[in-house]
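Heads up, the chain below is alone and in the form predicted on its own; it's given as structure tokens.
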């Protein structure tokens, strides 16, 4: 969409394998949802109907039809998955997702206690019929804070080994748990340990509901970092962060471009 003479960072176009933007719908009115999707469909790759909203959202099928119109995949929040699992209804959940035409499914243990072996079994089972996004990290801030970097890496590796296509790092819709501390700051040492572990960042989705988190991950991992829990109205703002068109990332990308230019001309 760059119709200007500006030099901008490389940005993947749809259909994307990296640089994914995963939008969260928290139960927005249908009209507002449709307008938001139509206005920014070029920047949206997946939509998650957050936590258990799918069960109480009127006209849910209209929202899904809108997403299908623009070639955007959708899935239900991990908390709804956990509710079914807590009542020993995992197979019913898979059928529920199939009934609504979901090609994607999130497996999480952010709220309930789910032994690692059982989580792996559920990922493997779901992967037979869906593209699986597994989530690592807990919604309770205190419980998450107790997770070491080594544990984060181990859980990510286990989920990939079980058959997850993407692994999501928890931050909640508030950006104050999981991979973040209660003040909303990224847990820098944990994130660096994940990156240094050799995990393919193209298969990781970092939840980043706030502008500050989005800017951090874009400057740390580039324009094509996968980001989740993006509000529908924030998609275009996120694209400007990805392209250095917002003050929060402008200097970073201009310095990067300057260094590349110096290398090219041998300065």
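No experiment lies behind these values; they were computed from the predicted model shown. Residue numbers count along the first chain shown, from 1.
Heads up, the form predicted together with another copy of the chain isn't pictured, but that's what we're talking about next.
Looking at 129 to 137, 169 to 177, 116 to 124, 183 to 191, which stretch has residues with any non-hydrogen atom within 4.5 Å of another copy of the chain in the model of the complex? One stretch meets the cut-off, namely 169 to 177.
From the list 72, 195, 86, 141, which entry has a heavy atom within 4.5 Å of another copy of the chain in the model of the complex? Selected option: 86.
Applying a 4.5 Å heavy atom distance criterion, does residue 53 contact another copy of the chain in the model of the complex? Result yes; residue 53 sits at the interface with another copy of the chain in the model of the complex.
Can residue 151 be called a contact residue for another copy of the chain in the model of the complex at 4.5 Å between heavy atoms? No - in the model of the complex, heavy atoms of residue 151 and another copy of the chain never come within 4.5 Å of each other.
Indicate whether residue 35 is a 4.5 Å heavy atom neighbour of another copy of the chain in the model of the complex. Although another copy of the chain is absent here, residue 35 would touch it in the model of the complex, with heavy atoms inside 4.5 Å.
Are any of the heavy atoms in residue 162 no more than 4.5 Å from a heavy atom of another copy of the chain in the model of the complex? No, residue 162 is distant from the partner.
Out of 210 to 238, which residues reach within 4.5 Å of another copy of the chain in the model of the complex, heavy atoms considered? Result: 211, 233, 236, 237.
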